[in-house]
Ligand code: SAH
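This document opens with one chain alone, in structure tokens, the form predicted on its own.
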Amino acid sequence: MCYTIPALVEEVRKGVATISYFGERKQAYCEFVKLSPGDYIYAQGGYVVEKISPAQAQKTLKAWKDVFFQLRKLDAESAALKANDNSSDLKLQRILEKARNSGKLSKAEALFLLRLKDPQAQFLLRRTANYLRQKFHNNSCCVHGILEISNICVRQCAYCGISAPSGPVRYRMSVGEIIAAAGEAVNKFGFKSLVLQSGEGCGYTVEELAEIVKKIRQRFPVLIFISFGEVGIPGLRKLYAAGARGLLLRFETSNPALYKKIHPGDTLDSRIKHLQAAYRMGYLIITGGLIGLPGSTEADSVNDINLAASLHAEMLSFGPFLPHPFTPLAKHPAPSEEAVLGVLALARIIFPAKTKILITTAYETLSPQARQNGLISGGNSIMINVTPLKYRSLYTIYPHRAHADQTVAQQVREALAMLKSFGRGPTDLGN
């Protein structure tokens, strides 16, 4: 997915199409598809990915019309603030009111919210985040597919189960397998956005990865994100030229000393330069940090959110640290679910308007209620794993991953049912 709603092209000017659906207007780059006014298209992440026939568009729009407005109404009603969504704590109430009015919080105010311990206060924080999510993003929930093409990795990150010293059974999907899996995701399940992910130094050269991206783009109407670690600035250029338009690359921590400690031989500066260069090239950026990383503080979490925003993140990816038994950090505990929700809610409050917030698989592994709780705490994006089952269990970045044994069909059914119950529409036409 995302299952995006067909849109009508109203105007095309200088490579940008003005498109509309159900009275809403947005703009999307038409770099991959030649368009004229009157055409119908699917767009994803601000890019037109496919032109469709008027008959196909009208059939889909007819099916969506009533459902679209019903879901939006349900979401608006559930996210609306109520009279009892107030606190007797005057400081907390003042900060929440400032946030609800889109006021810029100071670092001290952000830390105050992140350090809340009272359950009712934490609930009000999440309610405010959900209110802001609905205010600026309506009921849209972005749903990406993720395809893990290799678990080979040359890095030695202290927290990761596929790091070089950890020694899981290694795999590298063949080009044919990758193309087939991508084709199934797009043609059978309707995904319009796909993340290709691997360890760093995954067994493919950058040139081979670029050729894979190019083949997928040529065969299927899908927006491609890459997540291969640091491939170098020239590598980013090659992959962009091949058709990749998004980059998922987390910095994990904004603390340079901590980054160096958990990434032996590497520096935060190198990671930031990759992200900055990718943004300048035109990549959509997905980035973020690890919540509860051993040695990190609440102040680090606030700095993490601010760093992600400074990197022009299209989407924030903040997930919990989960200990892996074969890593140096094996004996450190995972953070509480309340700590994870606090960071997600604060991220939405600090940056309410433009950025999507992902409910990560790591958080889903930590808590069976992660999607539900995350989506009512400011989140508006999820991922579905489309990796073939015979490989999925080998991508052990942390143990007991959520959805490791579920088919794509099962995941899609569960995701759509859950989103419908929340009044969310699995759509994404970019900002």
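The numbering used is simple: start at 1 and walk along the sequence shown. All values reported here derive from a predicted model rather than from experimental measurement.
From this point on, the text means the form predicted in complex with the ligand, which you will not see here.
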For this session: Would you point out which of 92-100, 116-124, 154-162, 341-349 contains residues with a non-hydrogen atom within 4.5 Å of the ligand in the predicted complex?
Result: 154-162
For this session: Identify which of Gln134, Ser87, Asn255, Gln197 has a heavy atom within 4.5 Å of the ligand in the predicted complex; exactly one of them does.
Result: Gln197
Seminar exercise, completed: If we test each of Tyr40, Phe68, Tyr398, Tyr391 for a heavy atom within 4.5 Å of the ligand in the predicted complex, the one that passes is Tyr398
Problem set entry | Heavy atom of each of Met315, Ile384 and His403 within 4.5 Å of the ligand in the predicted complex | no
For this session: Answer yes if any heavy atom of His274 is within 4.5 Å of a heavy atom of the ligand in the predicted complex; otherwise answer no.
Result: no
For this session: Please run the contact check for Val302 against the ligand in the predicted complex: heavy atoms, 4.5 angstroms, yes or no?
Result: no
For this session: Find out whether any non-hydrogen atom of Gly243 is located within 4.5 angstroms of the ligand in the predicted complex, and reply yes or no.
Result: no
Problem set entry | Heavy atom of Pro320 within 4.5 Å of the ligand in the predicted complex | yes
Seminar exercise, completed: Near the ligand in the predicted complex, with a heavy atom at 4.5 Å or closer, the residues from 244-263 are Leu248, Leu249, Arg250, Glu252
